[in-house]
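Next up, structure tokens for two forms of one chain, structure 1 and then structure 2.
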Structure 1
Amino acid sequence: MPSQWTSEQVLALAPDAASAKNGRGLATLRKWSSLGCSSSVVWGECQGSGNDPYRTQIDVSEPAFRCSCPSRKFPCKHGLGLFLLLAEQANEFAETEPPAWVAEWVLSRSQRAEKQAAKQAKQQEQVADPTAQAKRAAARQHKVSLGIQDLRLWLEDRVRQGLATVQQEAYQVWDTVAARMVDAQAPGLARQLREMAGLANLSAGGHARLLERLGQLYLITEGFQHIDSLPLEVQADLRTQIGWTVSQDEVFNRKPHSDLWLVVGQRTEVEDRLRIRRTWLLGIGTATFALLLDFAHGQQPFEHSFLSGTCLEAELVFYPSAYPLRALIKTRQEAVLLSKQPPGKTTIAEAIATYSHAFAVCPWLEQFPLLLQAVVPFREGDHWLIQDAQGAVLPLSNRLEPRQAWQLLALSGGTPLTIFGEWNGDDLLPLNVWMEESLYGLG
């Protein structure tokens, strides 16, 4: 089976550094007693500490993993080791008929996909009781309205008192009003208030950032008072900020957008025990960005795996918004590798102008995708920056770890490269870098 994956892409799937190291240790032929492939599936048996070898299999079209080892990490070290072996020694995988344990897994995946499709079709056919639905919606609208009024009064008092003493205030000050928003069925507002409690304890720039977030929150309350007079897309943004959810069935009924979608970046963050993964896609034909959000609790694996630098021929459907970014995959084909740099903005001014337009129509964007060509990273004092050919500079986020910043500098060596990252209005967090035709992950 010809391999289109690189070792860097495979290691980017590792759930932690220990798994990456252990997976690397298993990426050698002497660890595997059998290897094979058929269509998009590869498999192998790896001898562990027990009598029976662990049976590992990968469907590289997503990719999806399965292993008989007891590890709760996903993918486990055997999955990573087998995938690394495929990336580095693909000729060792002979095309053959899959053994029964592989055929059984392939069949179960196919049956599960068919059941899921049938379930979605059945849900779309079911008609909810419109009377009961309207009654529930009206009850929630009333509770949210009362909560919004409460929040407006609190925000006005907050600004009237000033922010000079905010650092001496206890977390409970923010948590108390956040709890009232939960009671008002406005969880989105509660989340933002709890995030502001963290900003209140920042030193340099914290007050300015906090005032900005308070202003954005007040804008939500102002918009909600006039929501019926606003365009439908702006109404959708306001409802999302407040905490209304849109069902996947509703999204799947929206117009699909077909393209060759390149995975340009990925980042996973943890809130309590909930892991949130942002996967950024770029439509090669339409130059449109899309954001896939995945959630997993604890050590549970994400439902889908995506490799940076690969392309999906897929149909996406976007959530309603004045500046649509979040999307779902409606249909997809097998992933392929893009063997060249993706097209990006050639100047920082052009990229920031795009962000400014997006922010003007949706002022609650928390992360914005920026793909910049021909920029050079450099260090000035304790700060990291990038510079384009026009001499314009952008600051890099202090969330970029020192080793990642030095890696970025080493990759460049003073020559221009292509960077994809998340812009938050203040700084850029690089996730991936293209140097000539090679991709390097930083996320």
Structure 2
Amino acid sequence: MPSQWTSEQVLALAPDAASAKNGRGLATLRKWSSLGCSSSVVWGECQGSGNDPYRTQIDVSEPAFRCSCPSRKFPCKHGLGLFLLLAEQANEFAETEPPAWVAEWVLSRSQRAEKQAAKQAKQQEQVADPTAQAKRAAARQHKVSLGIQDLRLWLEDRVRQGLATVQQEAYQVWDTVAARMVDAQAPGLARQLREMAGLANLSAGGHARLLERLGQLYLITEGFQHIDSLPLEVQADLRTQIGWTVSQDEVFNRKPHSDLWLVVGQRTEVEDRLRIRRTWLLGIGTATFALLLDFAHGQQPFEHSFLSGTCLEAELVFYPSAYPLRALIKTRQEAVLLSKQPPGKTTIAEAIATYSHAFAVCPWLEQFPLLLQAVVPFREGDHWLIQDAQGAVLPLSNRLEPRQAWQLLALSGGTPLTIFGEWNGDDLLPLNVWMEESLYGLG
């Protein structure tokens, strides 16, 4: 089987650094026997410490992993080792008839896909009791409006007393009002208040930044007070900000967007014990960005794996918003690889104009996808920046580790490269870089 994956792409799938290290240790032919492949499935047996070797298999089209080892990591080190072996020594995998243990998995996977489709269809037919549903919704609406009235009072008190003393305040001041918002079933507002508590301790420019956030929070409460008079999409954005969730079924009923979606970037962040993964897609045909959010608790694996640089032929459905980004995959075909440079040609000025437009229709955007072709990274004192051919510069985020920044510079060598990253209005956090047809992950 010819392989198009690079080691970096494979290692980006590792759930943690230890798995990456162990997986790399297993990426040697001597550890493996009965390597083979058939269509999109590869397999091999890895000798572990026990008597029986572990049976490891990967469906690279998704990619999906399965291994007989008892590890709870996903993918486990054997899965990563086998994938690395495929990336580095693909000619060792001969196309052959799959053994029984592989054939059975392939069959069970296709059956499961059918079952899921059936389940989805069935769920859509089921309609919950509409009266009970309406009653629950009205109760929440009431709770939230009471909470929002409290929040408005609290916010007004803040500016009446002045923000000068905010740094001396205990965290509890913020926590109490955040807890009140949780009680009022407005978790989105609670989250923003807790973020602001961290901001209040910043010195230079901290007060101005805090005032921005307080003002924007006030704007949400203002909008909520006459939410019914607003356009539907704006209503949806406000409700998302306050903490309403839209059920997946509801989203699945929306208009599907079919395209060839390129995985342009991925980043996982941890909030308390919850891991949140953002996967950014770019529709090749429509030049639309989409964001897939996945959540996992603690060490639990994410349900799907996505490889940066691969293309999925899929139908996406978008969550309602004045500037729709968040989406779900409704149906998908097997993954096709494309590690060539992503299409299009955007200057920094054009990219920022797109952001400005998006921000004007939906001022709640936290991360905005920017794909910039032909930018050159450089250093100015302790700061890293990128510049395009027109001379426009954007600052890079200080969340970029020094090693990653230097890697970016090494890849560029002073010549232009393509960067995908998240823009937050102040700085850009690069996630992926394309140089000479090759993709490099910095996430």
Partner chain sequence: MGLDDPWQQVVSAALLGTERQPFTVPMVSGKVGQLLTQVSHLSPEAALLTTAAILSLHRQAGWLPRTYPVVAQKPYQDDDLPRCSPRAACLLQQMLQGQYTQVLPEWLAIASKQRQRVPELYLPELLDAGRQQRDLRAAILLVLGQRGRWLAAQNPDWSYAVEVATEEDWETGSTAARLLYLQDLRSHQPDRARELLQGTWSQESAGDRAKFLEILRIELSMADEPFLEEKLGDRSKEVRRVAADLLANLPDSRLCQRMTERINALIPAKAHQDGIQIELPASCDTEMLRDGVGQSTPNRNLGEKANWLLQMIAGVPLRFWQQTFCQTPTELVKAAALSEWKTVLLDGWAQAARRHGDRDWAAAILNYSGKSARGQVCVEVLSEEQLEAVVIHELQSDPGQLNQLLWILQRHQNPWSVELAREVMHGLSNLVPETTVLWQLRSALEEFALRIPPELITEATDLRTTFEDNTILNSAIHHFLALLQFRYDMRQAFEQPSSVGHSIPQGAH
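A quick note: this is a predicted structure, and the numbers were derived from the prediction, not measured. Please note that residue numbering is based on structure 1, beginning with 1 at the start of its sequence. Think of the rigid core as the biggest set of C-alphas that the two forms share within 1.5 Å after superposition.
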**Message:** I want to make sure I have the labels right. Is the form predicted together with the partner chain structure 1, or is it structure 2?
**Reply:** 2
**Message:** Once the core is superposed between the two structures, does G162 show a C-alpha displacement of at least 2 Å?
**Reply:** yes
